[in-house]
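Next comes just one chain, in structure tokens: the form predicted alone.
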């Protein structure tokens, strides 16, 4: 069991000694019991930090935003930035370091073991009609404090699917770590949701995705929340070449334009397929993209498909090691070559 005060004391000590310039963590939001991301710079703010099953955000996104801000103002950091990281968050940080987005010395990782509890799924909780002020995990059930008293619900009923299938709830990469290593305590086998979907025949699967891509409104929330979508300009959403009244026909003709901005099914399909291919070997299954989707498209199925392919074909686990090669940037003699034989 993690003592929250230990996390607060760690953050307070780092800020007091000026070993870090800020700490990215969670605090209680104004929306009932849910947590929200927070950046603290004053040691006195450390008491705001919390850790419970509502801490579902992948905070590594804010490391990307910090790096973009420093680049924009043309400054270099005078100290590392600290981050409270779950197992999945830590793996995404490792992927960013593999890709040299920042160096290991730039980040102080306060690892937080999920200890098998995982995090809550907002939509599953809403479907239960629960309005609670607090949530805790006792090993098998989530325990909620409500106006009507204590309410217990079996973990698998309200836990995020990614947590039900999680293989690495312990942050292997860390500077400091709190909690026990209970790796291997998944309630479902990895890729359970994907296997269930693939039991449908090809025609049913195609019809399913046609319907999903028809519903997409191309708000780009999935891209905005993903720490791996850090490109200044997205290949399928070019913004650096505005067309004006003075733009020549030749300039327009020579511009590479992969898809239109219109949210039609073919364009949406191209967008999502391009994005999932760019996440191959990089997605660590934090599932933030699906969580923020306003029309509830099950994007995790797409990402899981690529993750499983990388695992089965290449034995590759995203975010497993900083020193290891990235999947799409390395070519080994032992790689399977069935596709070119």
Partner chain sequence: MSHSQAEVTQAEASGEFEPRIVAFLCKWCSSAGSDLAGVSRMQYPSNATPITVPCSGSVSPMYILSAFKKGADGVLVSGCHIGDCHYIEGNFLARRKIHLVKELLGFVGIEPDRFRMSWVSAAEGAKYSNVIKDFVEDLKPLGPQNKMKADRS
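These figures come from a predicted structure and were not determined experimentally. Positions refer to the first chain, counted from 1.
The next section is about a form of this same protein that is not shown, the form predicted in complex with the partner chain.
Chemist: Considering only heavy atoms, tell me if residue 15 and the partner chain come within 4.5 Å of each other in the predicted bound form.
Modeler: Judged by the heavy-atom cut-off of 4.5 Å, residue 15 is well away from the partner chain in the predicted bound form.
Chemist: Using 4.5 Å between non-hydrogen atoms, is residue 147 touching the partner chain in the predicted bound form?
Modeler: Looking in the predicted bound form, residue contacts with the partner chain do not include residue 147, since no heavy atom lies within 4.5 Å.
Chemist: Under a 4.5 Å heavy atom criterion, is residue 267 part of the interface with the partner chain in the predicted bound form?
Modeler: Yes, residue 267 lies within 4.5 Å of the partner chain in the predicted bound form.
Chemist: Is residue 191 a contact residue for the partner chain in the predicted bound form, using a 4.5 Å heavy atom cut-off?
Modeler: No, residue 191 is distant from the partner.
Chemist: Thinking of 273, 302 and 329 as the candidate spot, does the partner chain come within 4.5 Å of a heavy atom on all of them in the predicted bound form?
Modeler: Yes: each residue has a heavy atom within 4.5 Å of the partner.
Chemist: Only one of 152-160, 83-91, 171-179, 194-202 has heavy atoms within 4.5 Å of the partner chain in the predicted bound form; I'd like to know which.
Modeler: Result for this chain: 194-202.
Chemist: Going by heavy atom distances of 4.5 angstroms or less, which of 46, 50, 280, 64 would be at the interface with the partner chain in the predicted bound form?
Modeler: Exactly one residue meets the criterion: 280.
Chemist: Pull the contact list for 289-318: residues with a heavy atom within 4.5 Å of the partner chain in the predicted bound form, in sequence order.
Modeler: Contacts from 289-318: 301, 302, 305, 306, 309, 313, 314.
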